[in-house]
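What follows is a single chain, given as structure tokens, in the form predicted alone.
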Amino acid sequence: MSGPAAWCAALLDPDREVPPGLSTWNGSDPAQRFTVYRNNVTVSLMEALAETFPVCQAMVGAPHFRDLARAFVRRHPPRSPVLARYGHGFADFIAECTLAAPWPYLPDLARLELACLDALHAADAQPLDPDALAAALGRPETLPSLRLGLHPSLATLGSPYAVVSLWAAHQGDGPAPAVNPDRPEQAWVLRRGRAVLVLPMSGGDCRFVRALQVGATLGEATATAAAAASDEDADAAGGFDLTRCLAVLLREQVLTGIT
């Protein structure tokens, strides 16, 4: 390994030797200067992760989070100069990392925080005119074949842990209320205006949205969501209600088209 590859490898791994050929303007020891630079880069990336995953940091404590962040930085250097988007592999990393074993809900909590970040940076889209939806819903014979366009910020998340409640408990300035993490929760994540919202929903609601996002018709998406809600989701997620789902989509202005 030589050139830029050797430089990058040594930059994030303190066990590697300083790349050969370095010199300093004042004749000081390049190894010492490189160590300072290495530390600054690592700390900057760790701080970027802390900015993206503040609730994860609050749950495990700053010292433990720094250990997780440092391990991630050394394994997954950034591939973009935009540090605000750094950390897309963090949830999968901590799911396999023994350092995070005491917090089994942490990977899904990280996925929720990342979904919030993605929603914040998602493209804009004009919401559907309510009159257009009302006109379409006024023709019952065409309802099953309708396809609904959804705002680019809308995403779904489901977890066997109460990550939605854990996230919500850390959104205020006061002390976070106690939350029992050992219960499943699902949510829609979306942006309305400049605000990112996390809405607790049922498992059927989430399957409904995911079906629409891959091109299913309204009839197909409803059947998928209702079937799922009738078996494994019925008790844990409260089932599926099409009218309520459409009302929330319209209220939050994430319906963008109908064909």
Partner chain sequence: MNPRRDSLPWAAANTPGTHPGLPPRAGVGLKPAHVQAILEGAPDLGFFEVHAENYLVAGGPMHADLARIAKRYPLSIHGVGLSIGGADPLDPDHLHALRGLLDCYQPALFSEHLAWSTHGGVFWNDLLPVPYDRATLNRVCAHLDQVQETLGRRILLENPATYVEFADSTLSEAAFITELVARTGCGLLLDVNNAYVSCINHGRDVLAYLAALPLAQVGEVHLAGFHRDTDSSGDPLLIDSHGSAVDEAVWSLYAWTLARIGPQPTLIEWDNDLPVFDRLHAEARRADRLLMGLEAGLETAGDTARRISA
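The term rigid core refers to the maximal set of C-alpha atoms that superpose within 1.5 Å between the two forms. Numbering follows the first chain given and starts at 1. Worth saying up front: this structure is predicted, and the values here are computed from it rather than measured.
Beyond the structure shown, there is the form predicted together with the partner chain, which is absent from this document and is the topic of what follows.
Engineer: Go through Pro127, Gly149, Pro184, Pro78 and name the one with a heavy atom inside 4.5 Å of the partner chain in the predicted bound form.
Structural biologist: It is Pro78.
Engineer: In the predicted bound form, does Val41 come within 4.5 Å of the partner chain, counting heavy atoms only?
Structural biologist: Result yes; Val41 sits at the interface with the partner chain in the predicted bound form.
Engineer: Would Val82 count as touching the partner chain in the predicted bound form under a 4.5 Å heavy atom rule?
Structural biologist: Heavy-atom contact with the partner chain at 4.5 Å: present for Val82.
Engineer: Would Val209 count as a contact of the partner chain in the predicted bound form, using a 4.5 angstroms cut-off between non-hydrogen atoms?
Structural biologist: No, Val209 stays farther than 4.5 Å from the partner chain in the predicted bound form.
Engineer: Please determine whether Leu120 contacts the partner chain in the predicted bound form, using a 4.5 Å cut-off between heavy atoms.
Structural biologist: Yes, Leu120 is a contact residue.
Engineer: Quick check: do Pro4, Leu11 and Gln32 each get a heavy atom within 4.5 Å of the partner chain in the predicted bound form?
Structural biologist: Affirmative, all three are within 4.5 Å.
Engineer: Is any part of 207-222 within 4.5 angstroms of the partner chain in the predicted bound form by a non-hydrogen atom, and which residues would that be?
Structural biologist: Contacts from 207-222: none.
Engineer: Relative to the superposed rigid core, does Arg16 relocate between the shown form and the other one - that is, does its Cα move 2 Å or more?
Structural biologist: Result for Arg16: yes, a 2 Å-plus shift.
Engineer: If the two forms are fitted on the core, does Gly27 show a Cα displacement reaching 2 angstroms between the shown form and the other one?
Structural biologist: Gly27 C-alpha, core-superposed: shift of 2 Å or more.
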